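Single chain ahead, by itself, as structure tokens, in the form predicted on its own.
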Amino acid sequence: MLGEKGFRKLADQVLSKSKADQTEVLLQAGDSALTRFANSYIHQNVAESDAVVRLRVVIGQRTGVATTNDLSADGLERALETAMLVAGLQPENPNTPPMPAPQPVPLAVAFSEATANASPELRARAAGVFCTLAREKGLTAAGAFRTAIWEMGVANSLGHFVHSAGTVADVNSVIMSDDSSGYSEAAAVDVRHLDVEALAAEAVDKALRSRNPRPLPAGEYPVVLEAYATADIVSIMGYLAFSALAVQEGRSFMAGKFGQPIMSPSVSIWDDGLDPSGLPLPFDFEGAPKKRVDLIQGGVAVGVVHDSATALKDGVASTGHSLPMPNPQGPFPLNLFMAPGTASPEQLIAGLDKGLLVTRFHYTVPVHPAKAVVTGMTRDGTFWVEGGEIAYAVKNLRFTESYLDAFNRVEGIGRETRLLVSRFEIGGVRVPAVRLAGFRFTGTTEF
């Protein structure tokens, strides 16, 4: 960890030597520790410290990038020379946006001393809770507990300078028997906010309930999706559709639909990098300040996120959602939220006469991005519900469904939300459980 003072010294060192028209210094550093357990004992405890500097230079309309984790004066100078060399070999891009000018960046509450000081013993005790409870029930536990400090800074030759640091703690578990499994997961800035006992009980209970699963034919069934499955839907929508580049290229289901209802009126989704109930980050990888962006409001398409390139093309301001520039992905929503409803978990299930309770989705892959069609599997607890009560466990099912169509069939939304690390392993997503009038399952399994 360099700290703000250390990063400023490093950035000044690079910027003073650069002869490019514009130069950007992006620092990503952190200390991460991970404790893994399987077969109900800890088998791995690792820790990593790294600091990577990414240099971007713009010469005329040519851009060059070089990355190094050699932060010595010689290492940084070599990286700068490489970036200059790369820029000279690139074709001109007349759409190259200027780097952000100096501007204020709001503070974000993202740091916890408890997480920063988390010890291997703390993570081991947490793993022990999962393993002990699983053994007591004749099950086996597997999972991982991570605590990390991250640091990020951006400085450019226009005089813009931003630096921030934060923490994240996340835990996940899969509890298994011979023919069943249960799952739990949660994330937080402050490790003390992870209720390990409750998470262990949740996964163990799910593994016990999902024993002796019965086959169920493929078909369309009403479903209750727990927050883990909802998170997959919202995250993939963010990947496929909530980027201005996806709209500009016509591959987003938002394209041409702004101001129109495209989902159930009960669905509202937004991105907010400053919300302390998520995993905050006050600026993006260009150093632009994060702004809250409403994406879906009452089912209506209202906005997408921008970086400097898409903002320049649309004649608007960046919303602070750039990935490291330049990149083919475009802007990305890294702090997604979905509005909760009013239903308790029991009320959501009680609304099913006949249908399925799905714990989570696994190995989901987009099939048709413009229609948000995705295929994947249910996992770690799929149940048949009859008369508003769980009747028995069923074997996992493959689905092929438009997530957009699915969110047009929302019948109920849970009042509780859960914060998870994004499936893309950067940023977070906080979502509730939902009940849908129908969901298309297209294949069966033997497990």
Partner chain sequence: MRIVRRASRSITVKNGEVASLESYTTEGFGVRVVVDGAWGFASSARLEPREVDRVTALAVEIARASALFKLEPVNLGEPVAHVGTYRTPVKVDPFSVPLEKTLDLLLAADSAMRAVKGIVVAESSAAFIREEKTFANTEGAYIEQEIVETGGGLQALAVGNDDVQQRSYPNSFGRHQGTAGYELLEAIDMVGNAPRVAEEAVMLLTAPVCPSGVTTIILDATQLALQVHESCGHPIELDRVMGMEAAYAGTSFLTLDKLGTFRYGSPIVNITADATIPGGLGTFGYDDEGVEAQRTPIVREGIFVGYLTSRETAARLGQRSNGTMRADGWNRIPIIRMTNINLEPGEWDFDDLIADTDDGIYMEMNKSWSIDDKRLNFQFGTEVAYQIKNGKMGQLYKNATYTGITPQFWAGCDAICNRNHWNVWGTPNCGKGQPPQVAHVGHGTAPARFRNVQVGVMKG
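As the structure is a computational prediction, the values presented were derived from the model and not from experiment. Numbering follows the first chain given and starts at 1.
The discussion below concerns the form predicted together with the partner chain, not included here.
- Contact with the partner chain in the model of the complex, defined as a heavy atom within 4.5 Å, holds for exactly one of Arg36, Arg415, Arg418, Lys395, namely Arg36.
- Between the partner chain and the residues Ala350, Ala148, Leu323, Val367, the one pair within 4.5 Å by heavy atoms in the model of the complex involves Val367.
- At the 4.5 Å threshold, heavy atoms of Leu107 stay clear of the partner chain in the model of the complex, well away from it.
- Contact annotation: Ala47 falls within 4.5 Å of the partner chain in the model of the complex, judged by heavy atom distances.
- At least one heavy atom of Asp70 is located within 4.5 Å of the partner chain in the model of the complex.
- The partner chain is not shown here, but in the model of the complex it comes within 4.5 Å of a heavy atom of Gly376.
- Residues Lys19, Pro282 and Ala301 are none of them found to lie within 4.5 Å of the partner chain in the model of the complex, as judged by heavy atom distances.
- This chain is displayed without the partner chain, yet in the model of the complex the stretch 125-133 from 342-350, 274-282, 191-199, 125-133 comes within 4.5 Å of it by heavy atoms.
- Taking the partner chain as it sits in the model of the complex, the stretch 431-446 comes within 4.5 angstroms of it through a non-hydrogen atom at Arg440, Thr442, Gly443, Thr444, Thr445, Glu446.
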